[in-house]
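One chain follows as structure tokens, the form predicted alone.
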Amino acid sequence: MTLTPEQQAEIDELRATPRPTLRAVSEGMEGHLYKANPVLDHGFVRVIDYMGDDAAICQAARVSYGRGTKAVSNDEGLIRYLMRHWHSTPFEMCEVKLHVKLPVFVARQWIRHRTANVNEYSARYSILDREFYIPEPEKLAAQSVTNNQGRGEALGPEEGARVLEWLKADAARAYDHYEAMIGQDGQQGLARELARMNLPANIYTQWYWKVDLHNLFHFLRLRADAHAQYEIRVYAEEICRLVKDWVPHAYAAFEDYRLGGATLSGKALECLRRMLAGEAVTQETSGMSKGEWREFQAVLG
């Protein structure tokens, strides 16, 4: 992970000047404020600001449902009820703003989640740093034979070394040409907004990403999943660690019902009932496709 001297100075200054407040404070999140948490080789995630805590979720729910929540004996039980029954609005009362440094190809995947406010570092105005994501050798893998959007077995040592050399050389060459194009020593210099097109997708970018807790949980359910691409999953796992300290009751419910739970189709539920009744159900008698059956078997372990 690489922080500029200016970024480190900003972090040090912000952490050295605490301010009194009357708003809800999460002690766990206060410990994470402004700190840069390393991800991948040059990336990081840091919390810039947040709003709300577990109590804010319960406060919103009790306003929304009034006396209907009186049967819930405590905040933790209420939060678990809300998560179990897919109530979303109370979780939207909490928000977090993150500063994320990430490779461009990860950013393009991340931005598919269109329920956040995003402001990205602009390569039209500023010059991108010479920082590229280069995978660890064990993360270089062949195309999966069962999943068109995933990776399979790791490449052999010889092929892996060749791929790494290409990645490093191509990135360096592209950046050399980028610098040469925008340089103004003896030439006009190409506009930055045009020169950036030559840069590879593994160069690092940065953005501020602000999202409410409901939509953050949706992001984490998909991106912290074991089937998610490794390079975005490690960011999601780091954010999970931060959220766990921010809203511990909400995160525990999320971990139980979303990350650790499973949704079954009507066919899958019927097959499960038949199995519990002692019937030997096969893919041929299940009414499921081979892909559905394989996923059902994975849920059952």
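Residue numbers run from 1 along the displayed sequence. What we label the rigid core is the largest C-alpha set whose atoms superpose within 1.5 Å from one form to the other. What you are looking at is a predicted structure, and each value in this text was computed from that prediction instead of being measured.
We do not show the form predicted together with a further copy of the same chain, though everything after this point is about it.
Contact annotation for H42: none of its heavy atoms lies within 4.5 Å of a further copy of the same chain in the predicted bound form. Although the partner is absent from this view, R130 stays clear of a further copy of the same chain in the predicted bound form, with no non-hydrogen atom inside 4.5 angstroms. Although the partner is absent from this view, H249 stays clear of a further copy of the same chain in the predicted bound form, with no non-hydrogen atom inside 4.5 angstroms. Contact check for A107: a non-hydrogen atom falls within 4.5 Å of a further copy of the same chain in the predicted bound form. Of the residues in 185 to 200, those that come within 4.5 Å of a further copy of the same chain in the predicted bound form through at least one heavy atom are, in sequence order, Q187, Q188, G189, L190, A191, R192, E193, L194, R196, M197, N198, L199, P200. The Cα position of A9 differs by 2 Å or more between the shown form and the other one after fitting on the rigid core.
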